[in-house]
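Below sits a lone chain in structure tokens, taken as the form predicted on its own.
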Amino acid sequence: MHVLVTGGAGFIGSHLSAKLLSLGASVTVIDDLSAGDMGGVPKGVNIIEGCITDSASLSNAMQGSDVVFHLAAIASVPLCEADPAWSDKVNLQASLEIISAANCPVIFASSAAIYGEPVEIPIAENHPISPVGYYGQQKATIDANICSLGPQSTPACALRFFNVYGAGQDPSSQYSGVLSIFIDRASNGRQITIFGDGEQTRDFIHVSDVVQALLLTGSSLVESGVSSPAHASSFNICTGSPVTLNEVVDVISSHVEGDVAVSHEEGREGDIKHSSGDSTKLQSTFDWKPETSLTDGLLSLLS
């Protein structure tokens, strides 16, 4: 099996590539290293250093692929807001090109950001799509494009990631999640800063569970094509068990030496107060469920 992982030098992409290699796949990664790190790419991967906006590099990477896991994106909301034209080229135009040019199934990394401010909790896939900002809008457009595909199209599906965490997230990166930042600060005796009162909720999903969801939907599309229940569909990738940031800090504090200093600053404009997903659709369609609890996931990062 020849597999292409766009953005394969990134956090999720490197974990996926390692798992694919362990399963015997031949893996190619294309990444421009604007956010990824080739140091995290496992040995044995064919690496193409280039941007998905470059048609020649993309065509070269896609040649001979049996399946494409499309994870590459400008995932920083501030960067998308600062340069919407560039983020449009990367997150929107290049993604449309991948879907149209692929001669094999495509699994697209969508995002819970497409839902915007929730009108109901938990968020199921039929929740209104109302993204805030360019990043969410671009992801929503590709997501909708995939969900509108017909039986004559490229087999494809969209996985709507919630808050993914795990080993390998760089806490100094603007792409990094809040958990890696909190753990890094607490482990090094530095103050944790929470924007707002800390009672905002998030649905944190471990990267190993995300990889499993990618593999299950990808395998189904490869085996069944447009007849797969994953084709032209979207799935939430989440635990359905939200926690407050204050609860996260409590868990971290109880497993590091010394006291953990916490400060609260004014909430940031545009931050969503509560986010919790419903993954019933994925669980009922495929044999998937989140296996790693937040406590176990945090302890693995603290050990």
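Since we're looking at a predicted model, the values are computed, not measured. Start at 1 and count along the sequence shown; that's the residue number.
This protein has a second form, the form predicted in complex with a small molecule, left out of what is shown; the following refers to that one.
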Taking 113, 182 and 271 as the candidate spot, are all three within 4.5 angstroms of the small molecule in the model of the complex by heavy atoms?
yes
Is residue 118 part of the interface with the small molecule in the model of the complex - any heavy atom within 4.5 Å?
no
Is residue 212 a contact residue for the small molecule in the model of the complex, using a 4.5 Å heavy atom cut-off?
no
Contact of residue 77 with the small molecule in the model of the complex (heavy atom, 4.5 Å):
yes
Flag residue 135 as yes or no: does it have a non-hydrogen atom within 4.5 angstroms of any non-hydrogen atom of the small molecule in the model of the complex?
yes
Taking 4.5 Å between heavy atoms as the contact cutoff, choose which of 145, 233, 228, 169 touches the small molecule in the model of the complex.
169
Only hit among 194, 92, 99, 104 for heavy atom within 4.5 Å of the small molecule in the model of the complex is 194
Answer among 199-207, 147-155, 219-227, 120-128 for heavy atoms within 4.5 Å of the small molecule in the model of the complex: the stretch 199-207
